[in-house]
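First, one chain by itself in structure tokens, the form predicted alone.
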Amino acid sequence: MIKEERQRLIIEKLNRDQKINLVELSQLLHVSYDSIRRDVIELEDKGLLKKVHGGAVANSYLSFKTTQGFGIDNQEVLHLTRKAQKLFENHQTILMDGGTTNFHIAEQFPKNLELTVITNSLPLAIVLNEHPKIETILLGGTYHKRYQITLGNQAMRQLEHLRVDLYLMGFNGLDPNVGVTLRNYEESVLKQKMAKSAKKVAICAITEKIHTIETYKVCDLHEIDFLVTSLKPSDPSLNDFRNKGIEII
């Protein structure tokens, strides 16, 4: 089966079932898991779906709230977002960019937590409507419909006037030697600016993204202060990151 035919079948199944599982797809189409994963990444880059841990859903961050089997119902993501709450305390100013993990972390903020959250993600700003003690500041700029975030010179200029306590950086790849990487160039440049505006930088990583490398580099590991995963901090697979001086949570 050629790639184009596989991708057409993937979209048809997604439209029918509202979610897809990569393992099930590889078995159904009689191709390797890696082939299906590459297909899903290409379709995501075209704006036709959104890749999540183990599968894909419709291309809307807001759809994760009701998608069963993925998103916040996935046990790894749920465990990760709960651990990430250790990073926050009252009266902090937090910078959070777009991304499914950041979206779920924001959903799980305690109702009594008092924060100022600055974000370029429209879905994340909307979910914070449910938190009465959180002030939300939405960065301006050119609206990127595929990722539902703002980008460009206006957002970059606003960041020059900010000094936040903590930046939660979304990403696509994390490697102990290469560092943090993305699949979108313009977004990678914006994230570099965001990191420079923060006293501390944290990354919350599902295991699928650890030890992977994407096209555009954001920063080296020494620029990251905290790494939150669903694994135990003592897990041997995290040794290379621990040796770089990152605090593992």
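Throughout, rigid core stands for the largest set of C-alpha atoms superposing within 1.5 Å between the two forms. The shown structure was predicted, so the numbers you read here are calculated from the model rather than taken from an experiment. Numbers for residues come from their place in the sequence shown, where the first is 1.
If you look for the form predicted in complex with another copy of the chain, you will not find it shown, but the lines that follow are about it.
*Asks:* Within 4.5 Å of another copy of the chain in the predicted complex: all of I134, I137 and Q154, by heavy atom?
*Replies:* Every residue of the candidate spot has a heavy atom within 4.5 Å of another copy of the chain in the predicted complex.
*Asks:* Can you pick the one in A195, V189, L43, L182 that has a heavy atom within 4.5 Å of another copy of the chain in the predicted complex?
*Replies:* Exactly one residue meets the criterion: L43.
*Asks:* Based on heavy atom distances of at most 4.5 Å to another copy of the chain in the predicted complex, which listed stretch, 104-112, 91-99, 157-165, 172-180, is the contact stretch?
*Replies:* Of the options given, it is 157-165.
*Asks:* In the predicted complex, does Q85 have a heavy atom within 4.5 Å of another copy of the chain?
*Replies:* Contact with another copy of the chain, no.
*Asks:* So, in the predicted complex, is L48 in contact with another copy of the chain at a 4.5 angstroms heavy atom limit?
*Replies:* Within the cut-off, so yes.
*Asks:* When the contact criterion is heavy atoms within 4.5 Å, does R8 count as touching another copy of the chain in the predicted complex?
*Replies:* Yes, R8 is a contact residue.
*Asks:* T150 near another copy of the chain in the predicted complex, any heavy atom under 4.5 Å?
*Replies:* Yes, contact at 4.5 Å.
*Asks:* Using a rigid core superposition, assess whether L227 undergoes a CA shift of 2 Å or more between the shown form and the other one.
*Replies:* No, L227 moves less than 2 Å.
*Asks:* Relative to the superposed rigid core, does D39 relocate between the shown form and the other one - that is, does its Cα move 2 Å or more?
*Replies:* Shift at D39: 2 Å or more after core fit.
*Asks:* Cα of I11 displaced 2 Å or more between the shown form and the other one, core superposed?
*Replies:* Yes.
*Asks:* By 3 Å or more, the Cα spacing of N15 and F103 differs in the predicted complex; is it closer or farther than in this view?
*Replies:* Relative to this form, closer in the predicted complex.
*Asks:* Quick one: in the predicted complex, is the Cα gap between L124 and N15 smaller or bigger than here? Answer closer or farther; it shifts by 3 Å or more.
*Replies:* Closer, not farther.
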